[in-house]
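Take a look at this single chain in structure tokens; it is the form predicted alone.
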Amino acid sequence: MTYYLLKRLVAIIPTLLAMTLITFLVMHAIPGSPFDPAIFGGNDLPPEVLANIEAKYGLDRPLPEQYLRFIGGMLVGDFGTSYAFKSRSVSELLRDTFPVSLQLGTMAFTLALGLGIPLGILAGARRGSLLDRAVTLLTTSGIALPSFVVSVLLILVFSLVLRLLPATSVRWEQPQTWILPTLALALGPLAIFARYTRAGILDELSGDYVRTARAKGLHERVVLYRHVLKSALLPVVTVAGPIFAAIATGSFLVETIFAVPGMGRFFVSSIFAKDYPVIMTLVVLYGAALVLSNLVVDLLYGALDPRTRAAARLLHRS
């Protein structure tokens, strides 16, 4: 197991390097300078002024040198200075925004997992019932509706009509401002978890080992929770890792609509401002979260499915 973990952790390095290189090349392939006001509808800067500003930030250097400088700074925890927020470093922006996005994503993920799996179990165990149809309707709506539509509907109902909750989360320290963005961010994953759980339950209930367990006289609840559930949750575990990585590193739609002071809003503004250091850093952060979440998924697979552990041992011996 230790050898497997070390091997997977080492494999993260080329993955992150490939992501940063592709992002770097795409950013610099876009014409224009991030310091040219003409891009945003302002007046052109004199060429010598623009050249001096670019030289200050190292943009006059060859592209390979700029990329290696970013990688070298990243290795020591220095991600550079933001072009859009010139008085602050990227590390300072992350320190202020990442905990907010992580908190929002964790709350949404916990809510989605805590409601989605039980709903999927109930729907799968009672196929064709009224509850099953209601869960199917909920999952279809949750997957079909984009998060910005859900966000607007929540604001209309709970903020404008009922006047129960604030529409924005500018004052993030107030817990009541967490409710609406958490609901908006959790609905899609909740629907996915419920649908995958229901499909897994239905697939496992048709297995021969379930018929054998029922023939032995085991109670239906024992069959469901002791024999069926572990295998049925494998598809949920597969999608849970990437979903958590996506929502815990900032949802720019939900955070923008509810004015959440997280990374998602800064990612959008950095793209429009061509803020290279911020974009590169957020790509690295998301890539690391995605790779690590997939590693956790593989470890959970081994805990839930003994066949995975046996295959890993055989692969290690070979």
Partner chain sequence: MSLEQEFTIAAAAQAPAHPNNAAAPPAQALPQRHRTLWGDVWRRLRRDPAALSSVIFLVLLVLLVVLAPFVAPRGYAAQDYTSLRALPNTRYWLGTDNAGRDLWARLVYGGRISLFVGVSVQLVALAVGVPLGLIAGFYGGRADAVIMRVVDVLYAFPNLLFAILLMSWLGPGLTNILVALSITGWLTLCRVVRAQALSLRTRDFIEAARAVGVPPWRILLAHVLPNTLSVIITTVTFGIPQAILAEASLSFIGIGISPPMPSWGQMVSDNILYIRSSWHLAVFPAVALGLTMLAFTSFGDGLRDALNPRAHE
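Treat the numbers as computed from the prediction; the structure is a model and nothing was measured. Positions refer to the first chain, counted from 1.
Not pictured, yet referred to below: the form predicted in complex with its partner chain.
Annotated contacts: Leu183, Ile247 and Tyr276 are all free of its partner chain in the predicted complex [non-hydrogen atom within 4.5 angstroms]. The partner is absent here; in the predicted complex, the one residue of Trp172, Phe85, Phe148, Phe98 having a heavy atom within 4.5 Å of its partner chain is Phe148. For the options Val222, Ala215, Leu130, Leu160, the residue carrying a heavy atom within 4.5 angstroms of its partner chain in the predicted complex is Leu160. By the criterion of a heavy atom within 4.5 Å, Leu299 is excluded from the residues contacting its partner chain in the predicted complex.
By the criterion of a heavy atom within 4.5 Å, Phe35 is excluded from the residues contacting its partner chain in the predicted complex. Its partner chain is not drawn, but in the predicted complex it has a heavy atom within 4.5 Å of Val26. Proximity of Leu295 to its partner chain in the predicted complex falls outside the 4.5 Å heavy atom cutoff. Only one segment in the set 172-180, 110-118, 224-232, 148-156 has any non-hydrogen atom within 4.5 angstroms of its partner chain in the predicted complex, and it is 148-156.
Of the residues in 252-267, those that come within 4.5 Å of its partner chain in the predicted complex through at least one heavy atom are, in sequence order, Phe252, Leu253, Thr256, Ile257, Phe267.
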